[in-house]
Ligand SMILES: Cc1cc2nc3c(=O)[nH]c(=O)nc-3n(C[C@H](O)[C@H](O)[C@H](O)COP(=O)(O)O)c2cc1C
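One chain comes next, on its own, written out as C-alpha cells in the form predicted alone.
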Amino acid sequence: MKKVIAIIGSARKKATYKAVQEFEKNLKELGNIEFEYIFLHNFHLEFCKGCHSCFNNGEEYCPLKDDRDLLLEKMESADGVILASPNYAFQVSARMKNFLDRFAYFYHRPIFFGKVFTAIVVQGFFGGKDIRKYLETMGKNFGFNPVKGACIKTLDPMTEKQTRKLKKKINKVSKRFFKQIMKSSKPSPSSGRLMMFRISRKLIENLDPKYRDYQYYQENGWFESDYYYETSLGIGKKIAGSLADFIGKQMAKSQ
C-alpha cells in the first residue's frame, strides 16, 4: 500500500477541498492507496524570522517552537505529497507560503528523493498556471519527483460544467501521479537539475566546514557523487556535469 498526503492551504472546504477529494477517489480506484488530509489551518506555524539558524547551524536550531516538525514527519512518512492551494492575489495562500518558507532549508539540503509530488491550484479567473509551476519548482528543490499538476478554474457556487471540467483535469493528474508512485526506481535527473547540483556543491565545498550545509554534503558523500543519489548518466549528462563542476569552481573562486 502506498501512502499519499494532501497538504491544503485553504481554510474553507470548498473548491480546493473538492478537487483533492476527487483526486483521492481516482487514486483509490486505480490501486491500494492510503490517503490523508492535512489542513494547514489546524497546525500552529510561526512566521520565519530570517535568522538563518536552519541554514547555518541546522533546522533543529530554529528558535520557533511549533508544529513544523510534525508536518515534516507527515511528509517523511508518505510516498506521495500533494500541495493544494487556492489562488490568492496571484500567489498561494498565506498559510501555504508560510509552510514553504519554514522548510526553505530543503533548498540547500533536499531529502525527499524517491517521493512523488504534484500541485493543485484552484482559481476564479487567471494566474494559477504560474502558481502551479511555482509549487512544482518547490517540489523539485525539496527533492521530490514532480508530476505536472492541475490549475482549475471555478466559481462559487460551482456549476455542473465547472464540476465536469474539474473531474476531467483531476482524472488526468491522478493517473500521472499513480503511474509515478508505483515506480520503484528514482528518475534520472535532467541536465538542468544535474548542473544545478554540481554547481551548488562546488559553492558549498568552499564554505567553512562548520556550516551545516557543508557537513550535510560531506555526510551524504555528495562532494564525490555524480548526483544526490546513485543514477546512470549518459555521455551528454556526464559532459554537462563536468562543465557544471568547472563553472561552480570558477564561481567559488570569485567569491
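Residue numbers run from 1 along the displayed sequence. Worth saying up front: this structure is predicted, and the values here are computed from it rather than measured.
There is also a form predicted together with the named molecule; it is not shown, and the following applies to it.
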Exercise. Hey, of 180-188, 160-168, 140-148, 87-95, which bit sits against the named molecule in the predicted bound form at 4.5 Å between non-hydrogen atoms?
Worked result: 87-95
Problem set entry | Contact flag, K25 vs the named molecule in the predicted bound form, heavy atom cut 4.5 Å | no
Exercise. Counting only non-hydrogen atoms and a 4.5 angstroms cut-off, does L100 reach the named molecule in the predicted bound form?
Worked result: no
Exercise. Should V122 be counted as a contact of the named molecule in the predicted bound form, where contact means heavy atoms within 4.5 Å?
Worked result: yes
Exercise. So in the predicted bound form, does Y107 come within 4.5 Å of the named molecule, heavy atom to heavy atom?
Worked result: no
For this session: For the three residues R12, A15 and T154, verify that every one has a non-hydrogen atom within 4.5 Å of the named molecule in the predicted bound form; reply yes or no.
Result: yes
Exercise. Taking heavy atoms and a 4.5 Å limit, what residues of 225-244 are near the named molecule in the predicted bound form?
Worked result: none
